[in-house]
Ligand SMILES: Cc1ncc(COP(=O)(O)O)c(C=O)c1O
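Below, in structure tokens: the form predicted on its own, a single chain.
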């Protein structure tokens, strides 16, 4: 199709690539994840407030390099599996700094908790009895509560209400206290998380719900509370144009929770600490996926024609667009150093044998186009804000290899995870004799 002229579209100052993408492609190949340490450090600094514990939800990205940096910055961690507990231990966290949060125990998690004594944030009442029955009544426990409502940028990330599997229903607090007393399990805190992308209206609702939960806890004769956790869900500005770019007002966020915290302390006492549990907010903007353009083509003719830009990353690398219809800003980096000018409306898609392997789509699988500078095979496309739920949700679909991971730290690029090989892909597989 005929390119159109570039139009003036004001963008936010956040649209930048803090490393040489061409150097990344040359040294490490494509696709490759790149994490920028300075961006992560800024996000941690923004959330570091007096009297507030920052606990990183490592499900967003459990890279050992990033976890090690988190630890250096004074952030503690949350784990949802035995593997995540062990990742935290591997980079030097004390067991007391790792909280296991889940709606059930599997055998591996229970054995690891028995060995190391990590605190547990229980999401089902049965877990209280199971700790007692396993001889683990000494393990500190918080209750993850479902307040009866939820919120999220997609229904798939809504973690509250009757359709959510997460948390203990808010009217069951007294039952949990009774279970704790029966099994000798010490409940020390309350936790609440309703989903991602929370706005201030919903944050205020959660704050009120937490105050009500603390009152119900005290009324039911619960032991003294040490902490309450706000959960996570803090949004980041995925869209970069001036019309949509909006950063979370952290002062207002902490004011909302500070007001709720003061009410909680009046009910339960001044010993109650406040925790915030971000995942996405800390790591999303520090992560980039560097990919290479392998082909361009036109599908259709006339007004119905669509320009396709085909890159070497697929939804096995970054699932969010296919799973949620999630938006990620895209930058074209010319391989030959030419100036970028004319633009096309591109469908940006990957190499997988699936029609949903498209990076420009809305929720429900509706393919959209993205206005980008005209690109050629060999150019790079950098996918922004991919540090959260990118590599962590990747797979080997189509027998694709896990991409390399690189940390940009102090202006130096450090390989933190080698690209997977075929031998590593199949090393745990066996063919029975005679086949």
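Bear in mind that the values here come from a model prediction, so they are computed numbers and not experimental data. Positions refer to the first chain, counted from 1.
What comes next is about the form predicted together with the named molecule, which does not appear here.
When the named molecule is considered in the model of the complex, residue 191 lines it closely, a heavy atom lying within 4.5 Å.
By the criterion of a heavy atom within 4.5 Å, residue 57 is counted among the residues contacting the named molecule in the model of the complex. Contact annotation: residue 232 falls within 4.5 Å of the named molecule in the model of the complex, judged by heavy atom distances.
The named molecule in the model of the complex is not approached by residue 361, whose heavy atoms all lie more than 4.5 angstroms from it. Annotated contact segment (heavy atom within 4.5 Å of the named molecule in the model of the complex): 270-278, selected among 123-131, 252-260, 92-100, 270-278. If you take 388-403 and check each residue for a heavy atom within 4.5 Å of the named molecule in the model of the complex, you get just 389.
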